[in-house]
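There is one chain below, alone, in structure tokens, taken in the form predicted on its own.
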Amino acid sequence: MNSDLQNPIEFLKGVGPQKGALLNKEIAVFTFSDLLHHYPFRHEDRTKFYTISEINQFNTFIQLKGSIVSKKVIGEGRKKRLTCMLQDNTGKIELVWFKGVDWVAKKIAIGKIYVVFGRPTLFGSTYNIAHPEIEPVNTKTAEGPALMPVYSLTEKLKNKFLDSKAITKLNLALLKNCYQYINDPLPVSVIKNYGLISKREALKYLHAPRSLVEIEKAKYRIKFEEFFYIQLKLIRSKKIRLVKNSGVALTNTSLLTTFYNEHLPFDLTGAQKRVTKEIYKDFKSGFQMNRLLQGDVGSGKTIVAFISILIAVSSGYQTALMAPTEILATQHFHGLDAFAQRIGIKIALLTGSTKKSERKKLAQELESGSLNLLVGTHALIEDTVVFKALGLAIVDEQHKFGVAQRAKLWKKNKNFYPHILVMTATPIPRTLAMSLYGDLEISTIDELPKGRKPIITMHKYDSHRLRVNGLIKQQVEEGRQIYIVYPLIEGSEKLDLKDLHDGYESMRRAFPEYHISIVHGKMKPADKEFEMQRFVKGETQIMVATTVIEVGVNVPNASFMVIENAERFGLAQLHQLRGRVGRGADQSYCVLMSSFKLSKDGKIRLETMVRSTDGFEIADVDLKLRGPGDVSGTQQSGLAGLKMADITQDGAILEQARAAAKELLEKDPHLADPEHNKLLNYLLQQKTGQLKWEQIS
């Protein structure tokens, strides 16, 4: 953008210091350019006039023309309001104002003809319009676009008369005076090859459209460029990482061959074999691997991780596996220890509960290189944990860790970066994966082991409690075990939710003949582990727990789960919890309990869980409900550039933008071509300084 468009917004005619400060604070508009890039979220059709007799309950916003036949100010102070009666040749409708009463009253004259725009509301048996836009027809009111832009604004702005109409007027002035200064960062070749309009036209069509076709062309252009810039950064970042971060080659498969031929307890699925080949290809390449391994709950990611560990150890390097909780880290340790002993590799566990004397011994074994695999929690990233040569770092349930935490594990070696494998059992929709993880290689295990039966999921209300208890009794009598999951440890006065302790007592009263465990996050690790082991050994039939069991707990005999207040959980969490059952050969069940009071989103979540056990379908619904920002557990900076584009709706545009970015970088990886000067300058001007998590998985 030319310097004229970088002028402070307060210097725009009609703004001034006071309104300028408000625009800065409320919608982050600091310059002329910022205002042009504050896009409308919809457009209202001002070409059609309704008659008053045509108004019905299905109208959203309507435009009327008529004369004011009465005007009255009623009440005083906060209860003060202005009512005017608008009449056309088919009837009358009341217009009401509760704010700016005196100012509006002065503006309106009885007998004059006005154009009125607003949302009709049924009040009793008659319609009225609260706070409509109103202008006399003999002025140049309709000089603005027929398809009026509607902007996202705050009440403070509207109170200072900076409504959508005022913003449109300011943008029209900008387009008139600064049109020639609007530069286009996109290369001409991209614009031509993908049938895009220019940036100037796009801004003009958004703020002053003459037709719906112009609006659609403008939206396509803006969405394309937003995706294009993100993809360009991700793909360039990946290329730079591959050049800068040359990795150690891991090529020795002797331990793997022995394990595969002599100790593998089951046949790998086709998906597991495919993913293993993808990882081995990275290991051999001489470049640092940066791979995301995603697979549904129970799809067999852990065995793929162990196979990767064997290749690294065979090649003379140490490995680390970091999990988000002590329960999961301990379970990984016990699960892998049996394999490790058979194959002759040394494994150890490090968590917050590890004693000082054990830590000292571990430190010596790590530094000498005699310890091959260290499994643990956040304790692995402490500065005192020093590896001789860490060749592979695996992070399980990576979204549970912060970027800085993962970075510490990544920087454990002085001379080279370890290969990185991050795993998640929360499937990531393709469009989100391309936007957030576009620079990572992605492996997907999309096949469950043979013999697994889909979990039958039911939605029951609190009134069905006795029936659900009957199902629990039936399962226990058949030799199965039960999870009961609660959202809270203790009751809350503010939230009308079932709590763990109350639930525990209810279970004891309902099933006095059964042994019951209780597990929650506030317990000491030793107590938690004791209760978990009782359940694993079958000493208790029912486990009452919070979401501490969400990740990783593996009890094949547990075939029945009840989730209390299921409407309070997100889809991803419900899917994770449900994955704790169905891990054996028996038919498993999940009962989602809720009250009758369900929000629209709550109903969709529960209906989705009952209908589907496909993690990718569930992730897609979750993405649509929650938006992209929070799906992976934290707001992602990779999507900060999306003002108009929506990865839940615009997947096809994202695909095209990614293809365009790839084509451009293949021809000109350093953007050195003169045609790409504007693009390079634009990218350099964007905000930087954030920790680049694409470099650290």
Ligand code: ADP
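Heads up: residue numbers just count along the shown sequence, starting at 1. Since the structure is predicted, the reported quantities are computational estimates derived from the model, not experimental observations.
One more form of this protein should be noted, the form predicted in complex with this ligand, which is absent from this view; the next part is about it.
Colleague: Does any part of Q541 reach within 4.5 Å of this ligand in the predicted bound form? Heavy atoms only, please.
Modeller: Looking in the predicted bound form, residue contacts with this ligand do not include Q541, since no heavy atom lies within 4.5 Å.
Colleague: Using a 4.5 angstroms cut-off on non-hydrogen atoms, would T269 count as touching this ligand in the predicted bound form?
Modeller: T269: contacts this ligand in the predicted bound form.
Colleague: Taking this ligand as it sits in the predicted bound form, is R583 near enough to touch it, meaning that at least one heavy atom pair lies within 4.5 angstroms?
Modeller: Although this ligand is absent here, R583 would touch it in the predicted bound form, with heavy atoms inside 4.5 Å.
Colleague: Considering non-hydrogen atoms and a 4.5 Å limit, does this ligand approach P449 in the predicted bound form?
Modeller: Yes, contact at 4.5 Å.
Colleague: Which among 596-604, 188-196, 529-537, 260-268 is in contact with this ligand in the predicted bound form, heavy atoms within 4.5 angstroms?
Modeller: The contacting stretch is 260-268.
Colleague: G503, P149, G300, P487: which sits within 4.5 Å of this ligand in the predicted bound form by any heavy atom?
Modeller: The option sitting close enough to the partner is G300.
Colleague: Please pick, from S211, N252, T90, N554, the one residue with any non-hydrogen atom lying within 4.5 angstroms of this ligand in the predicted bound form.
Modeller: Looking at S211, N252, T90, N554 one by one, just N554 meets the 4.5 Å heavy-atom criterion.
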